[in-house]
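Given next, in structure tokens, is a single chain: the form predicted on its own.
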Amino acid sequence: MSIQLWTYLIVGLTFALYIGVAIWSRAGSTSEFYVAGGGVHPIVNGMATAADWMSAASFISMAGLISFMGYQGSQYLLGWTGGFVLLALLLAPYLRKFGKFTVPDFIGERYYSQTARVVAVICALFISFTYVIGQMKGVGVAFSRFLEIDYNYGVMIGVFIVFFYAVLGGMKGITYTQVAQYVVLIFAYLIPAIFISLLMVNHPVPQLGLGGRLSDGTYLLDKLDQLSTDLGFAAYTTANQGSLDLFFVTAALMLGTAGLPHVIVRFFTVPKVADARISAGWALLFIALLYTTAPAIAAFAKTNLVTTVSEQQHDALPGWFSRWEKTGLLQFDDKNGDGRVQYYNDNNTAFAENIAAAKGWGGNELRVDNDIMVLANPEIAQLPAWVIALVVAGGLAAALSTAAGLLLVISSSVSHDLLKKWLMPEISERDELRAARVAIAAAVVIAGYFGINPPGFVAQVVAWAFGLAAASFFPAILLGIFSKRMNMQGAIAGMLSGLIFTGSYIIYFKYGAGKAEDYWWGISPEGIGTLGMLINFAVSGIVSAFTPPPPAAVQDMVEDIRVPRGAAAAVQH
């Protein structure tokens, strides 16, 4: 069968599975809609958490970023993986013990203030919308290739799919759908990686194949370094980024992970506090399968792309090139009219004026969207059609699973935290559930619009969401658990200062008059959330020190969250 038929078959079967699971596990109450009734097995929840966590940024965009950033892209691997460990150890069990549905619910109760709850809702909406925009771009990339249509139409189709099963199932439906999506996405990621590793370095384990030798005896990374420098780029295994920015980006991704509302809420779906720790461990194992494979896929994809395309006659290129050109995410502009693809770094002035000019090149002629690399990789490597189709299905699974989780956070913030807990406390459970579904409908339309007009690459947009989470939620949650002295005035002032500072910095330097050379201390918008977090901590501490301490009941509640039940009795004996 052709690639197109295989793709229709595999994607169709996986979608039928997701929709069937969503119908089977449809939420009938607000408890099932928000936290799946609190009865999910830890291993199942670990798998669902992994799918929720490994978004389009992980599946589609991360390896693509590493392909073009090289060693420098390791900050995404380190930040996101380390952040999940931080979440599992520092926050998840305590939040589960507290027993609230959402992060704004925790902040509203812990800081004994409706104002704090509203500020937390604003932060959650800001973070979740930023994050879901990245997922909708991933959906558009996958659908545009799958249907061989323009990217914008791909986003529109994805909007309808996400809307259907997120509105129908709530957290209960999403949880079991995400289990199925994890199975699909991990097989879709590992199978082509194993195939390509065998073909290129004759090793079945991609993680080890990254350090293997090619058929000509050269090491893969040495070959990639040479290819990069021959085209005017920096060597693949070097980084041009300042050490401070590298640290700040990694820290923002780590600490943002610990403040992401759509991941935190997953730990409310298990029966006991101990199960929250166990499910976090399983999730980390499931996540590691993909994250340790990403650097190998990045290196394989970049090597194959350059050797296949560079200085080749455009009309003689394989069929995958023209298929991706139809999406608008891969573009060839024959600047010197010789019909060959000149791909090089024309921003490298010395290279462009000397080596490139001597060859008669008139400028870089190939534009490659980072986000196509993982999906295009099996086609470039000439793998079987069913493997190519499986990767498309995996990309859709990754994007849709996280999009659904984020949309649920948005809906619960509106229906539960704003309506039920503040504006309309007498609202019935049925009306609250209806409001949650209306909120999802509105959110998915807005996310679809920004998916069509994306502000950046998937992983880049997601990194901004992590920075916003680090700057707003992380200090409030951490201090709420471990500091009895932290009060509502400090938490509110800290969250607002962190969110406003970080959001303003991102907007100014990405969409305003700011330029890269004017970054504060060389810190990029992807890493500024770490500085926003430090500002949050400082403001929170100062304001709390000059305002009254929390009520005694709140301090006792904080003590109860931290100390395991029965600890006092154990000490007495």
Partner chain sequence: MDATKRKLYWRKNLRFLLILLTFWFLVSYGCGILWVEQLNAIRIGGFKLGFWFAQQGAIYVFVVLIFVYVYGMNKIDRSFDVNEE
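Positions refer to the first chain, counted from 1. A quick note: this is a predicted structure, and the numbers were derived from the prediction, not measured.
Below, we turn to the form predicted in complex with its partner chain, even though it does not appear here.
Taken together, the three residues Thr81, Gln207 and Ser243 all lie with some non-hydrogen atom within 4.5 angstroms of its partner chain in the model of the complex. Exactly one of the stretches 381 to 389, 244 to 252, 320 to 328, 128 to 136 approaches its partner chain in the model of the complex with heavy atoms within 4.5 Å, and it is 244 to 252.
When its partner chain is considered in the model of the complex, only one residue from Leu190, Leu199, Leu227, Leu90 comes within 4.5 Å through any heavy atom, namely Leu90.
Interface residue among Leu86, Met424, Ala234, Leu496 relative to its partner chain in the model of the complex, by the heavy atom within 4.5 Å criterion: Leu86. For Leu366, no non-hydrogen atom is located within 4.5 Å of its partner chain in the model of the complex, even though that partner is not displayed. Using a 4.5 angstroms threshold between heavy atoms, Ile66 counts as touching its partner chain in the model of the complex. In the model of the complex, its partner chain lies farther than 4.5 Å from every heavy atom of Ala357.
Residue contact with its partner chain in the model of the complex: Lys272 places a heavy atom within 4.5 Å of it.
Residues Ile278, Ala280, Gly281, Trp282, Leu284, Leu285, Ala288, Tyr291, Thr292, Pro295 are the members of 278 to 313 with a non-hydrogen atom no more than 4.5 angstroms from its partner chain in the model of the complex.
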